[in-house]
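To begin, one chain is listed below as structure tokens, in the form predicted on its own.
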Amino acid sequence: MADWVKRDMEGWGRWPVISAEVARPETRADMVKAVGDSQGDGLLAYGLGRSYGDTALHSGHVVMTTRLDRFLAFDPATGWLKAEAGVSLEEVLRVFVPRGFFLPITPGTKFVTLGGALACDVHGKNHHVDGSFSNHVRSFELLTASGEVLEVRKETHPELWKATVGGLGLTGVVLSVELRLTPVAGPWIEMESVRVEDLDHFFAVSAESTGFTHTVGWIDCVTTGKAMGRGIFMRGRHAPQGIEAKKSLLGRVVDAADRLLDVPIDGPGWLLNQATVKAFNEVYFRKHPRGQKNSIVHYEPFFYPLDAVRHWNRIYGKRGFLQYQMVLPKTPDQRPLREILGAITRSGFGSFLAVIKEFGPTDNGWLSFPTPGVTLALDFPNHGAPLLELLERLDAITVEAGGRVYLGKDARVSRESFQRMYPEWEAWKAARDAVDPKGVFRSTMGERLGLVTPGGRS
């Protein structure tokens, strides 16, 4: 077992920063010992650090899970994979795409552990077809506060399942996950992109895209008036056998260069402002010709465009950034979404990256984010109090519409707003307290939202 070392911890948004006692267990036995050592000061598991806010932060003990990274079993006839929770999505893809299998669900980065994917119940571009990550999990092993390891299935532990899936690591340490991979013919994606001229056009294109498993849109959240909601709609599906991209030597050189891109230093504070965001949005929108473009692309740029740039979060500078993602029920006029976009444009805080898509039916954990409707994800440079005031206004619109924010990306939502957004939180807390009555597993977010008591019992 590695020694505990004091260090500063942060999420991908780089705000807030929390000092913690950190260890990196090498084995399951080490992890069990770490839980036993942390009964007084609390404990939280930490994977690859791609949750944005304070989801995976804790001022007591933090255990890194990335050394628990072995594949345990695989059945090529069915696609069922069992792996330790520290295995990354990147590693699953590296090993299994050449064997004809792909992740059933993937978020916008492959630098996520299986345990982290379960704890946030991540979703992808195909939620409207295939649901979220937990819909493809048969079982997981959970190390509880007592040191017991439980094999959790929906059928055998229904309440613990619903508390752990999307439960932000607060029920215990996930040790392994049994996940069903999706058979594919190869690494290629049949992709179409459509320039949409406004919000109504976006929903019209979305409605006619039922032949595609994966859909997502980039939206210009700065433009107002009739063009509000303009952007680029992208839809794709795994290509069948025999279809692949033909790439020139120049194209291969460009791809190799893309994989070497890095942001080596923090960006200056003035880099991302209303003027530069507006200019970027205008160029990005105009470079796509009117109508539709068809192409065959590798899965990397389709699913993980930002992963090509290492440390891209440094663009926002030392102050970091806040990602705000909400889901809103659909209405005939999309009024709540228009109110959200209107509040952003009036504030002057344009988002450099704004992603929109539709969610389908869902039945997952009590704190899982996806619900039927439309979701919008926005990145804002950290401007302190003025930005926090804007986000509180967006919270109010979201709550009034019956929506919710994504806790896996949150850093500041209030306890009152959270409880209105997640009305089943009390059922979650009862199940969580039953498995961890002394409140061993804690996080900064859990304390902020009233899910656990700071420094002590739940």
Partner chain sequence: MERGEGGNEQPRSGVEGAVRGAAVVFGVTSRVGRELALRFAERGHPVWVGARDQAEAERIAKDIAVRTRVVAISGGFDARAVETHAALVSSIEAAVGPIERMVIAFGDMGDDGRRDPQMLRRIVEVNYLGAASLAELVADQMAARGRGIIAALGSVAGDRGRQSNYAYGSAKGALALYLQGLRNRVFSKGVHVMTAKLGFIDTRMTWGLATKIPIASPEAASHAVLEAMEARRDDLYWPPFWRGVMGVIKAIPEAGFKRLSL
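The shown structure was predicted, so the numbers you read here are calculated from the model rather than taken from an experiment. Numbering follows the first chain given and starts at 1.
The form predicted together with the partner chain is left out here; the points below concern that form.
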{"item": "Stretch in contact in the predicted complex with the partner chain, which is absent here, among 384-392, 236-244, 329-337, 84-92 (heavy atoms within 4.5 Å)", "value": "84-92"}
{"item": "One residue of 67, 412, 420, 429 in contact with the partner chain, assessed in the predicted complex (non-hydrogen atom, 4.5 angstroms)", "value": "67"}
{"item": "In the predicted complex, the one of 99, 346, 293, 287 near the partner chain [non-hydrogen atom within 4.5 angstroms]", "value": "99"}
{"item": "Every residue of 205, 302 and 307 near the partner chain in the predicted complex, heavy atom within 4.5 Å", "value": "no"}
{"item": "Contact test in the predicted complex: residue 76 vs the partner chain, heavy atoms, 4.5 Å", "value": "yes"}
{"item": "Distance check, residue 33 to the partner chain in the predicted complex, heavy atom within 4.5 Å", "value": "no"}
{"item": "Heavy atom of residue 14 within 4.5 Å of the partner chain in the predicted complex", "value": "no"}
{"item": "Contact label in the predicted complex: residue 29 to the partner chain, heavy atom within 4.5 Å", "value": "yes"}
